[in-house]
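Single chain ahead, written as structure tokens, the form predicted on its own.
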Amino acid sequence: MGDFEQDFYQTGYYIDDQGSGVAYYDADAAQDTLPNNLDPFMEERYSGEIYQPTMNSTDFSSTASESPGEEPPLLVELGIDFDHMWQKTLTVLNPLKPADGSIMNETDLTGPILFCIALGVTLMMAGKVHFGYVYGISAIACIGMYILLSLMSSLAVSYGCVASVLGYCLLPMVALSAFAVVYSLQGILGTVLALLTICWCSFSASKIFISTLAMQEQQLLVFYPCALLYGLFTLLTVF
């Protein structure tokens, strides 16, 4: 029993009377016995400052680079770039302007679809409902032009690029169709305007194709099938 009392851990609590059950705490005795058994971490006192984690410069730079402000716009991610569309339109409207091959090689079908719809609407305003002919001729012409350019060019040809170029070069034909709403093209003036429109569309398309596919010496060979295609659209517009 004596050995057990020696091994018993002494605390700062003492009971004077077992019957009353009153206990008190001896602070001096607790200070003499407890500091040797405390964890060093518990000796640190609260300084009143909020803990602020540190961040490396590399983590901050990676977080800043992925910020929403630097992400490309949604329209650009969907392949709709109004700046490139405007540049392509100016290239078609100005046949003497050199074509930028890097921009023209993009698969942009937003402009061609809008121009096809505009052509169908202007034809309908003139009393000619030819939406099916417009889309059918466009699809068949894109396939045929894609096969022809694949045989003629040493570079890889994209079907989307062919459809994009042919669709953008349809813009002068849309203007001719809009003119046909207010004036009949079945005359000398209409014939001259139709021939000029065919040459305009064909020259713009051939210019873009040869600059994109590096076919500078074959512009006349590309011009001829383009003239046949836009000649069909002219027949729909005039008659």
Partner chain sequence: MSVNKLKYFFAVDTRYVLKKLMILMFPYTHQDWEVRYHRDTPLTPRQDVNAPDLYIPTMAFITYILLAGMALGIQKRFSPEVLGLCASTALVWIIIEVLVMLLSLYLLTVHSDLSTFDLIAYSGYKYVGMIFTVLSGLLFGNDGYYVALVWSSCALMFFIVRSLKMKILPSISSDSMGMGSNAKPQLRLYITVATAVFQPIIIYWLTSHLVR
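Quick caveat, the model's predicted, so the values are computed rather than measured. Numbering follows the first chain given and starts at 1.
Just so you know, the form predicted in complex with the partner chain exists too; it's not on screen, but the next bit is about it.
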property: In the predicted bound form, the one of Q87, T122, S150, T110 near the partner chain [non-hydrogen atom within 4.5 angstroms]; result: S150
property: The partner chain in the predicted bound form reached by all of D83, V181 and S184, non-hydrogen atom within 4.5 Å; result: no
property: Partner contact for Y133 in the predicted bound form: the partner chain, 4.5 angstroms, heavy atom; result: yes
